[in-house]
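Quick heads-up: the structure tokens below are two forms of one chain, split into structure 1 and structure 2.
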Structure 1
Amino acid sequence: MTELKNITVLGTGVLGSQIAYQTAYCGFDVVAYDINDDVLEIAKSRFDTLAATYKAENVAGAAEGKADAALQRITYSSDLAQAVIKADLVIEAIPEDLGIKRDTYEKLSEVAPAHTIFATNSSTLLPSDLKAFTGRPEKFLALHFANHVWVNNTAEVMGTTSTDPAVYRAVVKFAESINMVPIELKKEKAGYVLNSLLVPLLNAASDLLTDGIADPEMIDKTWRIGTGAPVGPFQIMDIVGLTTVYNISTQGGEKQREFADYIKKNYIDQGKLGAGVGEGFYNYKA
């Protein structure tokens, strides 16, 4: 398997922009693809913001020119065929919608070079839901990043039964080369490893709250002191953002929908959307 050098990222939203920037930061040439040039203009400002964030958060080398150099290694395209013409690896981070992903993979399979590996960053769709559309199931797998890739640097690598083991190893190596910690899954699992652990914790915490057993502060304190973890479940929800927590909860069972109503009434409707806006379960403004 040849080295994966030229990387194309499809989608320049929350995660796609972070994946593209982190990859460029680690010395790779990256093509950032999105649906039109207006969206790509927004992507440019996302990359500028990421460069500033890497400097502000003292990511190694950021202040010594690496953050700005990364911006020079990113090129932009809204033409799919052009975007992937040299790609060894395409990382897909487009919306979590089967129809959109299907359409994109069908087009991609026709225009990408035969050697190109495709990786999906999908959080809830399994790669086996998508592999039939790729035209190359043996060169397709999931490479799943966490939000804030420069600090939360897990990259979960999950193949299907069709994925070539050599492709899997090449993607694990690539993940390491962009300063990720590869988390190798032996088989497909909805939620990967991280969300398989995290979601039950957050659901248990939300039940304790809506059942009136304890307040967020008390629940978080219990988790921190009892396990040595740096943050508790409600602090995690504040970091994720309560709109996202709400959206996920509305799609769950009865207890989760009850929690969705609770956070809408008590937090979201009052503009308390989480750490990003300075207030959620906790007030960060002080």
Structure 2
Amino acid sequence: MTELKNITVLGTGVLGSQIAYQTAYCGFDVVAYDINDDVLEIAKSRFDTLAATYKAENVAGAAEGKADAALQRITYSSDLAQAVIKADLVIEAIPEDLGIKRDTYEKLSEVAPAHTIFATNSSTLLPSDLKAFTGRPEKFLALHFANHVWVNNTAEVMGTTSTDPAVYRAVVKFAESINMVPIELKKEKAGYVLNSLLVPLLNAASDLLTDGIADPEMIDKTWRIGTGAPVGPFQIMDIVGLTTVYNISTQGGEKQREFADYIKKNYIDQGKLGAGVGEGFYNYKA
């Protein structure tokens, strides 16, 4: 098994940028890929913000130059073939849309080196939903991160019946090497471990809102006071990003589709996409 040294991350959104930066922070060379150069310019600003955050939150070594050094290990590409030309591992963190993922993997399978391992960060699709598009199902699995990876440092590793056990072990080792705690799933499960616990909370919160029982602030306040949790469900949604929440909700049942319509009309269509842009259910601009 080839040592995983050169890492490419597909997608530079909220979580993709965190995965790429954390990997570079731990000494790996990283290529950050996205669909065009304009998106990559936004990504550079995200990486600068992450470097500042690591310093502000006193992540080990950040203030001594490690945060800035990580930025120098990241290169950028909007050319898929160029982005993966040296890749030992490609971590896909693109939108939760089966069609987009299918098209990306079909293109990726044609241009990536034969030894390259593919890992999806999808939080809703099973790796078996995607493996047929990869051209290398034995070198494909899920590697799912939690938001704020430098603090909430779980990495859920989930293979399919086709995944080579040696590939699985290599990805577990990689997760450890970037200071994650590998969560090894024994078989496929929609939602993995983390979202199997989290999604029922978010669904209950969305039902309370769309049924007119309480507003987001009151729901979050109740959860924080009643459980001691640092944030409530709508604050979590803001962190995840409302576009992702919307995409996932449109794939759910009637109540979830009603919630998707609600947030599209009242938030997304007004540019309120979550904490990443300064406003979602809450206003973060102040």
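All values reported here derive from a predicted model rather than from experimental measurement. Structure 1's sequence is the ruler for residue numbers, which start at 1. Between two forms, the rigid core is defined as the largest C-alpha subset superposing within 1.5 Å.
The first of the two standalone chains is derived from the form predicted in complex with ligand NAD.
Relative to the superposed core, P216 shifts its CA atom by 2 Å or more between structures 1 and 2. Shown in the overlay between structures 1 and 2, fitted on the rigid core, is a CA shift at G274 of 2 Å or greater. Put simply, the smaller rigid part swings 25 degrees relative to the larger one between structures 1 and 2, by C-alpha superposition. Core-superposed comparison between structures 1 and 2: V245 shows a Cα shift of 6.5 Å.
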